[in-house]
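For reference, the chain that follows is the form predicted alone, supplied as structure tokens.
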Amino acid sequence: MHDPQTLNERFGIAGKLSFREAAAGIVVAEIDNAQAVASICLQGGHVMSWRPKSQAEPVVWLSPLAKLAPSKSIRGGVPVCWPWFGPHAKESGYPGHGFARTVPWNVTATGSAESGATRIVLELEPNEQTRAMWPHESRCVIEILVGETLKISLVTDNLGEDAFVIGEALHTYFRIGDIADVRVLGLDGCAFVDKVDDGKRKTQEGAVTFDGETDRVYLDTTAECTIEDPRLKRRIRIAKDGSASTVIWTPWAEKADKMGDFGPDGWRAMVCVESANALDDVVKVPAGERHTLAVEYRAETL
């Protein structure tokens, strides 16, 4: 069910949550409550943007050149990487980071929390193609709570009789003043895989800073991370649960130019700090059990 009129009748919340067709076949949920504004694309279960009303600038970044098209991922926001992270372990032809971010999700519930935040729950809609890539009886649900903070829970239920293994991430793009000026705190002393340097294993010393392309998977860390941003005079706190990896990514100029959907210098205004379970930290979900990866984002004045 992806008809905006039907969705508005069943799940809309007057003055707070509505659905619209943003492009041919692409429906977006728009949230505007007393605390925040956000947009969520039903394709991919993809939070595209979020700005608390206490902030002049968005906290979750969306490229001005982001394309909304069937079966295509969106540049920016919070892409859902599931049920694997990075390339598939055995099938090179399968999509990188899984299929969740490019297939339709169904709205199953909406509501208002006592805090004043707006809640929306989406469930991934399997199809013949996804079942061929992921032949496990499972359910994947994302619950999003939009308020002064942004809470996202990615829930995997194993409905079958055998255990399976998932890799996953909430691949969040954060809006920053300039990539050269920010620092990411919370990973000092952590081991990481440096994907820009042939996958070498290294140890972080101090804060993460940026002077070129960065693509790192920090392992065995459940720590909260903080983006310190002197240009926008704020810090963004990234708390997580059910996640043992943190991924830090920026493409820098040359790679961003090749991607074509960042816009001129768009890469300078974003950094990805992803809450994940990747590489050594993939998760085994026993038969009949559930795994939840949850995050909460908060912006504060520096």
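Throughout, we count residues from 1 along the sequence that is shown. This is a predicted model, so every value here is computed, not measured.
The same protein also has a form predicted together with a small molecule, omitted here; what follows describes it.
- prompt: Counting only non-hydrogen atoms and a 4.5 angstroms cut-off, does M259 reach the small molecule in the predicted complex?
  reply: Yes.
- prompt: With the partner left out of view, is D215 within 4.5 angstroms of the small molecule in the predicted complex by any non-hydrogen atom?
  reply: Flag for D215 set to yes.
- request: Evaluate K195 for contact with the small molecule in the predicted complex, applying a 4.5 angstroms cut-off between non-hydrogen atoms, and reply yes or no.
  value: Contact check for K195: yes, within 4.5 Å of the small molecule in the predicted complex.
task: Give a yes or no for I26: in the predicted complex, does one of its heavy atoms lie within 4.5 Å of a heavy atom belonging to the small molecule?
output: Answer no; every heavy atom of I26 is more than 4.5 Å from the small molecule in the predicted complex.
query: If we take heavy atoms and a 4.5 Å cut-off, which stretch out of 134-142, 108-116, 222-230, 169-177 is in contact with the small molecule in the predicted complex?
result: Contact-bearing stretch, as computed: 169-177.
field: Contact assignment for the small molecule in the predicted complex, among A66, A36, V247, C41, heavy atom within 4.5 Å
entry: Of the candidates A66, A36, V247, C41, V247 is the one lying within 4.5 Å of the small molecule in the predicted complex.
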